[in-house]
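In the block that follows, a single chain appears as structure tokens, in the form predicted alone.
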Amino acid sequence: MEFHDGAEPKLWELQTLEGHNDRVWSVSWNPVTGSSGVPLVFASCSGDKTVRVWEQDGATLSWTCKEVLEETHTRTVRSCAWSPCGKMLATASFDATSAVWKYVGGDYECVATLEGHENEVKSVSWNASGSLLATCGRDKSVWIWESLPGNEFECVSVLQGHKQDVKMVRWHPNMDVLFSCSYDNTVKIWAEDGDDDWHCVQTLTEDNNGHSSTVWALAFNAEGDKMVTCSDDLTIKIWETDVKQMLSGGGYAPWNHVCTLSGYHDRTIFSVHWSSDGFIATGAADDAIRLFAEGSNGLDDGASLKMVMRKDKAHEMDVNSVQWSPGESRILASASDDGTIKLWKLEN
């Protein structure tokens, strides 16, 4: 989405959702909702050990909690992610397990519990086909699980390489390439070598224009040729690759640094997400949300990315997660240490 000077976007607060009784760590939108008459649905997870499923009413457009998933995890639920088909929800918990939930007969049932990490599991992510699930944790490892018939999940690889706590795993939107970011200040990129062996094909470090402190999150643009990372070093960084080379079988194409944006948050940037129409949202420990978009000054070096909206005091406390809704609705969900989720409408 090209941003042209004068047409400043605005974020309008639609609703504040209460229900969790501890900090809300993460939100995840169900990817098959929000179009063709299917109401938008998202999940939220919290330090209160529960996951909540929220749905928008088609008539009133207000949001209500449809289900509370509880009594499975015994500690904080740190991350949640819907499968691409929208029928399964994976959760990652500080109790050292991940769980997979399925919507069966009008209820969500826990159909699988994944055990193996030594301690806190920090993040969970499905690949584009839903055949693979990745988890990561404080034990410095990344696990790849294969989804098998009968709600079975088999660990196919344990990836060692990070020197510290792994904060997030994310699959590339178009390829089975996995990205992990860590307290060791790096982003690692993992790929399969053809013999079912996964290995690290690239590490983004401070030496190659990477971050100088913990990397908390990453996200991709719709085309998958650009990535954004955010960090405790108070910067967001844009990276790009030749995705066509990889999709056409031309081998791995490395990710290269495009630009660094700094000075927009004054405390740790915990979350970043790229909308389908080109807006990057960030959420941070300064309680604020920022939006960035490509400017129209014609620069080729990526420096045309500019902040187009600032929302100070978006929450009463740290903003832990920002996530754009699927489809055309342009709704941003934000989750906070203040125990609430807020829904915002982007208009410009």
Partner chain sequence: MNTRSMGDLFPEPDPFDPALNLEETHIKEGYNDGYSDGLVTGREEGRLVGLKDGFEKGEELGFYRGCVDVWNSVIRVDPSHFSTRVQKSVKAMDSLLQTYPVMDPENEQIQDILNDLRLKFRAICGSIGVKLEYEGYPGGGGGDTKDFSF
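Numbering follows the first chain given and starts at 1. All values derive from a computational prediction rather than experimental measurement.
Omitted from view is the form predicted together with its partner chain, to which the following refers.
This chain is displayed without its partner chain, yet in the predicted bound form the stretch 74-82 from 74-82, 256-264, 238-246, 202-210 comes within 4.5 Å of it by heavy atoms. If you check its partner chain in the predicted bound form, you find a heavy atom from every one of Asp139, Trp145 and Cys155 within 4.5 Å. Of the heavy atoms in Trp25, some are within 4.5 Å of its partner chain in the predicted bound form. Though the partner is left out of this view, Gly86 does not reach within 4.5 Å of its partner chain in the predicted bound form, counting heavy atoms only. Contact between His273 and its partner chain in the predicted bound form is not found at the 4.5 Å heavy atom cutoff. Put simply, Trp126 is far from its partner chain in the predicted bound form: not one heavy atom of it is within 4.5 Å.
Only one of the listed residues (Glu109, Glu223, Glu115, Asp277) places a non-hydrogen atom within 4.5 angstroms of its partner chain in the predicted bound form, and that residue is Glu115. Along 201-225, a single residue, Trp216, places a heavy atom within 4.5 Å of its partner chain in the predicted bound form.
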